[in-house]
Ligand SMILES: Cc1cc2nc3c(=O)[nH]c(=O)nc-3n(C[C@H](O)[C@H](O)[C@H](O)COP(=O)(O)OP(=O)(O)OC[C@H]3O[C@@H](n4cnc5c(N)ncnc54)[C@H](O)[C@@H]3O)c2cc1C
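The chain below stands alone and is given in structure tokens; this is the form predicted alone.
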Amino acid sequence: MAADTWIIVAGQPGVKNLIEIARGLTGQVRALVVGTEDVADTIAAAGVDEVVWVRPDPDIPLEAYATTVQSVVQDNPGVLIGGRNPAERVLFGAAVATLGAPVFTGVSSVAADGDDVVVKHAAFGGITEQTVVISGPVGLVVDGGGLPEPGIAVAIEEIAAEAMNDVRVVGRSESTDEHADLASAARVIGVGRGLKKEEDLALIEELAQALKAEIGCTRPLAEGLDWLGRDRYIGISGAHIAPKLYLAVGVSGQLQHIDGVRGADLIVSINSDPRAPMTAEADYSLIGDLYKLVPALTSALSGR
């Protein structure tokens, strides 16, 4: 398509997936960065055609620059792509609202067809994949992925930052939780309600260390029990991952979760129920008590 593709970047440069999707379309790939100069420099060398940079006041939240983002993207818009972190969602939402563009999540592929955009995405809770053709602006919410590969940097155009009035940061509290980067992990262990109590996560952590894997989870563990951070939730409204190996431990395999792991090269399940949906979805299944199988697997991987 002839119109531009805009990538919305807010505060952090982990947008490798966004850039790869944008490069698969025609037209210019333009990044609108609201963040530090280091973030703008990283994006400028990431394979985009142009960077428009908004330098934020450190005492003003990034979300307060939504009106600036709205005014910038009205210039020849086509596809708008945003990640999943909170600030990106706000700025992305402001942009698509200005354009009156439809928004799609659970996206598996995007392609240009003349002046149209063809999007395949999960629908009806992930039980089916729907293909839509859009004529005009469209918004896509996808996992950002890791840091883009550095290349030759393009020029950065800094524009005046106009924040919304009367919004200021009056305090900060740094999180002690380690941020999960599931999108770029080669191996991911997903844990579900088969785990009996929070303290038993130690078993999964030992296995993850032996396997050199990241830990993810089903939605109840992140949003109901709060055993793990929400950035570790895998599913239709959470992370969509494509690791070389996905090991599901005590995961029943509801459709909402399956939608988030379909990109994995190899799926292995540990479950006591041979009729669990996850067992049928997996390439290999270990049927038995996870409290026996997980320590045995950890021991084997550790050479003990």
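From a predicted model like this one, the values you see are computed outputs, not experimental measurements. In this text, residue numbers run from 1 along the sequence as written.
Separately, the form predicted together with the ligand exists; it is not shown, and the next lines address it.
Mapping the unseen interface onto this chain, Gly224 falls outside it, with no heavy atom inside 4.5 Å of the ligand in the predicted bound form. The closest heavy atom approach of Thr68 to the ligand in the predicted bound form falls outside 4.5 Å.
Put simply, Ile234 is close to the ligand in the predicted bound form: some heavy atom of it is within 4.5 Å. Contact between Lys120 and the ligand in the predicted bound form is not found at the 4.5 Å heavy atom cutoff. Looking at 39 to 47, 23 to 31, 54 to 62, 269 to 277, the stretch with residues near the ligand in the predicted bound form, meaning non-hydrogen atoms within 4.5 angstroms, turns out to be 269 to 277. Here is the short version: of His179, Lys212, Arg230, Lys196, the single residue with a heavy atom within 4.5 Å of the ligand in the predicted bound form is Lys196.
For the partner-free chain shown, Gly288, Asp289, Leu290, Tyr291 of 279 to 293 come within 4.5 angstroms of the ligand in the predicted bound form, judged by any non-hydrogen atom.
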